[in-house]
Structures are given as C-alpha cells and as structure tokens.
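Only one chain is given next, in structure tokens, and it is the form predicted on its own.
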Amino acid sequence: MQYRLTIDVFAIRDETAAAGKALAEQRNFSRCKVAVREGGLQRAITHYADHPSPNLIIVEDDGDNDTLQGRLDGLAQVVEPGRKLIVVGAVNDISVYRRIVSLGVTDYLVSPLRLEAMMDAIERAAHDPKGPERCRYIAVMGARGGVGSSTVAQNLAWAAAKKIGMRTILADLDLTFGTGGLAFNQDPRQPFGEAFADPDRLDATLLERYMVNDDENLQILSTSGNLRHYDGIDEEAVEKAIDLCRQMTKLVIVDVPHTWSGWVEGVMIGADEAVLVVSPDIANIRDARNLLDFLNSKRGDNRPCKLIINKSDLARRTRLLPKDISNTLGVQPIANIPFDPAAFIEAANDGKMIGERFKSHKTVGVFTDLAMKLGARGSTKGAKPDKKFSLPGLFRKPQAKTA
C-alpha cells in the first residue's frame, strides 16, 4: 500500500535519524513527505510553536519517565489536534509504555529506532481503528509460466469466499490471456484491461463495471479473452485499481502474470503477502531463487515472500522432493499441493473450483488452510474493534472536576 503522509522525525540518535532519511526510499513510503531534524522532543516543541503540524510526528527523547511526560505536555500545547504521535524513548518498561499510550500517544518504542520498526509503527498509526477493517492484499505469482499460479490464486479466492465467508475480489492481471472469469464460468462485461486506458477516470464506480459477481462474497476482475495489446501499463494505475478494490472488500487476491515489469514488481513488493508458486524442476528453483532474493530485499525481513510448491509429487521419481526445494531455497513452503491433473482439468472444464466440483477432494482443506495462513478471516460483522489510542486524546485539555 502506498502511503501519502507528511511525516516529521525529530531524532537524537544517529540510528533513528538514518531510519527517517531512509524511509522515503522505501516503496510504500515513496510518496510521503518526510523531514528529519535533530534535537528530539525538545526541538519539536520549539518547532511547532511557529510551524504547522504534519499528519504524523515521530519524536525521540532521552529523559526519564517524568521528564518525558512533562515534555509531551509541552508538545500538546503547540501541535494541532488530530495529529498522530509516535514516541521513541530511552526507558524500556511496560509501565512506561502503558502510561504514555494512556495519554493518547499512538505508539511508544524504545530507541534507537531502526527502519523496519519505524515502518511498522507508521503502518499501525496510519490505520484508523474506528474506520473499516483494513483489507488484506495477497499477490500470487509463478516462478515460471505454467506452474499453476492462476489455479492457486483462483482456488484461494474461492476458499476465502465460500469456506471462510470473507468478501473477496479476485483481480486477474493477465490482461490478455487471464482465466479468472473463465475458471468460474463467468463472462466479464468488459475486459479488465480497459480500466487502465484512462487512469484519471478510474474510480470505484467505473471499476464495478468491470466486475462480475460469482456470488455475494466473490467478485472477479478478468479478461474475456480477446486479443488486445495493453502496452505501457502505468504502475500508478495498477496501484490505484488495487487500492480501489481494497476499499470495496475485505480481501483482494491478485493473480500476477509471469512477466517482469515495473508494475509487476510494484504489485509483488506492495502486497501484504507475496506468494511465489513453484513446481519441482531445476528451472523453477533457479528463477525462484532470483525472485526471492530480489523481492525479499525490497519487502524487508518482516515481510518475506511465501512459497507454495505446486504439483509437489510430480517429480517423485526424479527424487526432487519438496524438502530438497525448500533446503535449496532456504524457505519452508506454506503448502505442498499434490498433482492431480484429471481432477483439476475436469473442474476447470466445468467452470468450477476443485472444492465445488469434488467436495471431498484432499486439496479443499489445503486451500482453506492456506487462505487462513495468508490472513483470510471469517466475517467480523458486529464485532467490536480493538481499543487503540490516538493523539487527539493527548491534546484534549483535562476537564475540570466537579464536586
């Protein structure tokens, strides 16, 4: 997800300042306006006495608990209400954390603040707990063509929507040869690729014209199979389409074609979960190694790509077992999907998912478990949101006590 925030970082330690300077170089924060200043929390107080407040403020302080709380009181007098605050302090104590967040501070972290921790804290702060539940976004790509990544993406979407009951959009980004609609026996009203012809016009209303409903929980964006050139797809347009999908549902599964371009790279890096599908052969292992190395370097240690081995028993006689693949790649697969071509082809020819055509097939549970591992959860309608804190509480003046 691309964030568009104004962020001020007031650092004391070099590590915290370096993290703030590196923040704008990260893909998800490349459109944020980030300013890094020295002097920590004390400098922030004097700065905001004469300057407007950004969306998000990160302040570092080296004082004890009482000193920190006093300085936060001073900051509250000069910062505009409604801003969010992340505090980086020197005291590593749970009681300090509880006291600071009880004031309305969005998050409290222990200095020095590293880049990964800073990004995680900003992502938590950017999500409004009182707003709609954040949509998860899963990108599925094959290490090579023909490994069955589209089948995996389609059955994942079906399992999330039908077995788990989560409102899901399947977006097939193979704009010419995609089978998202065909696999569900649905004929798109308009090819999804046409949505990118004029990105400036793209909004939720327009996007709905390209969707077909398999049922109330599953919507599909796909091509009708017409031969069309979709040259020069704009990375921002793809990102915009995915963001619009995320506003309309609880889960977005993107079927990423086996090609390599700026927008494909962006989809895989920006996803909450990036899933790489491989089959058991040497070419798959080589390409998977290259993709994992590149994508993990961009996604960071806390968001590594997940691995699925499809047709896992296909090469049993060649002794290229799933454990050999995982050992070579250094990644434990989250699923091994067995090879059953007759069942999958029969289901595909009927325009049905494997669990719809063969209700007791052994892979039905595999796809349901896989969807849950990737973050699919049942409907939370009527559930109370988790209690979280935001900065406006810090800036409210205490009410006078009455007798």
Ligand SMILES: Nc1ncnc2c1ncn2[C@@H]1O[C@H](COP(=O)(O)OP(=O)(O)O)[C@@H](O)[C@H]1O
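Residues carry their position along the shown sequence, with the first being 1. Not measured: the values here are computed from a predicted model.
Below: the form predicted in complex with this ligand, not depicted.
Visitor: Which of these residues, G225, G148, P112, G300, gets a heavy atom within 4.5 Å of this ligand in the model of the complex?
Guide: Selected residue: G148.
Visitor: Here the chain is shown alone; which of R167, K240, R99, R144 has a heavy atom within 4.5 Å of this ligand in the model of the complex?
Guide: Answer to the contact question: R144.
Visitor: Under a 4.5 Å heavy atom criterion, is L41 part of the interface with this ligand in the model of the complex?
Guide: Contact with this ligand, no.
Visitor: May I ask you to state whether D340 is within 4.5 Å of this ligand in the model of the complex, using heavy atom distances?
Guide: Because a heavy atom of D340 falls inside 4.5 Å of this ligand in the model of the complex, the answer is yes.
Visitor: Can you tell me whether F344 touches this ligand? I mean in the model of the complex, with a 4.5 angstroms heavy atom cut-off.
Guide: Result yes; F344 sits at the interface with this ligand in the model of the complex.
Visitor: Should R136 be counted as a contact of this ligand in the model of the complex, where contact means heavy atoms within 4.5 Å?
Guide: No - in the model of the complex, heavy atoms of R136 and this ligand never come within 4.5 Å of each other.
Visitor: Can you pick the stretch from 103-111, 117-125, 303-311, 268-276 whose heavy atoms fall within 4.5 Å of this ligand in the model of the complex?
Guide: It is the stretch 303-311.
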